[in-house]
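Presented as structure tokens, the chain that follows is alone, the form predicted alone.
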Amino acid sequence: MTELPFDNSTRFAGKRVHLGICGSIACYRAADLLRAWRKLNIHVSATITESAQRFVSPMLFKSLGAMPVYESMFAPDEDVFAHLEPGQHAHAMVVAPTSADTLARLAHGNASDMLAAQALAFDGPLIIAPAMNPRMWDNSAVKANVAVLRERGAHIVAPGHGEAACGDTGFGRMADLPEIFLAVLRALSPQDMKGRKALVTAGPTREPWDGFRYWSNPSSGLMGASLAVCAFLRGAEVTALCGPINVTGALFLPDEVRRCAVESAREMFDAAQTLWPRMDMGIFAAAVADFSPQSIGQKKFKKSESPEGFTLAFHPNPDILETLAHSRKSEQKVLGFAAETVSTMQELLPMAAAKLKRKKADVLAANRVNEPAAGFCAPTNSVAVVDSRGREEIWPMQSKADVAWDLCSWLSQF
């Protein structure tokens, strides 16, 4: 599965998920979901319908760490109350892939197989990821069943568009695995940001100096993406302003996060100013260029035009964090970042406190960009965190997802 924010988080260890697998060619992909959740030390149990067992073996899921794995309603060695077990222990249940037959069973309360009985006896968050032929997905009966389940509170991870196994093209392919993976993590997360609108900036900016070259930095955007995903997991309606990324895939965001692509610091500033009045919180994690070179034209500047070298004039860019924090309404909350080059983490605390006061933020996180494991393009981070109530802490090295989780916890207290 594609690497994404939260694929290395420790914040879900000990949670329990029940995975249902229905008869579909997509059922082999459920093994990757199982591996991803197990990587986070989430306990996963599974039920494989008899139709699914024609595609994959229960032994596959047992070998990857699912425990227990249920195979049928009346298996000789099955607990007589196995159809109730997920509802007694699991924090969330996901059916991926979900066939048209299982959709109908759940919508109409038909408990004629183990998976349907378990789902009907489950009163926690239910995530459904349909997968079927595009014409089946477009059938009015299937649409009605999906509408019924959605109205009853099930979260439907809608199928994607593409070519089906039969060769037909349309909507019906099971959703991308990161979408299902994160939908389950959202069901396992506290919803302390529910009902709030969050603006997140992420990634670098590029400041052009001719028509094809630019001034920038090596930010991958992973810290900002982790914060955007974290706010989404905890219930916020998230808009992410994303600069151009330097590492392929580093800025994966779920479909429910609104993503706005920008290039330069000025573009990010203008977009942020437009969006800010409608937001409840701003999380400013982008590595925005402080200065932009004065452009020398739209064509490629040739070496022959200045064989002895040349000089570029730079002008300051607007400060997004400071401008928006100074203009905010009293109920709007602000989290900012500071990238510093220092010898020790202890040196970051006074620098972070001074910047917090100057920018008028609620929370400010400072990190050492000269630390290889905590700066640009690293999967981990170590930060010094201060807030406007006088709290100061230095956090040890951890995944950027876990840093994002803890920063969101601080911000949600304001």
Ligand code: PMT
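Start at 1 and count along the sequence shown; that's the residue number. This is a predicted model, so every value here is computed, not measured.
Just so it is clear, the following notes concern the form predicted together with this ligand, a form of the same protein that is not shown.
When contacts are defined as a non-hydrogen atom within 4.5 Å, all of 320, 338 and 369 contact this ligand in the predicted complex. At least one heavy atom of residue 289 is located within 4.5 Å of this ligand in the predicted complex. With a 4.5 Å cutoff on heavy atoms, residue 70 does not count as touching this ligand in the predicted complex; it lies far away. Taking the partner from the other structure, this ligand in the predicted complex has no heavy atom within 4.5 Å of any heavy atom of residue 145. Within 4.5 Å of any heavy atom of this ligand in the predicted complex lies no heavy atom of residue 18. Just one of 184, 285, 103, 229 comes within 4.5 Å of this ligand in the predicted complex, counting any heavy atom, and that one is 285. Of the residues given (349, 31, 377, 56), 377 alone sits with a heavy atom within 4.5 Å of this ligand in the predicted complex. From the list 167 to 175, 186 to 194, 273 to 281, 215 to 223, the contact stretch for this ligand in the predicted complex under a 4.5 Å heavy atom rule is 215 to 223.
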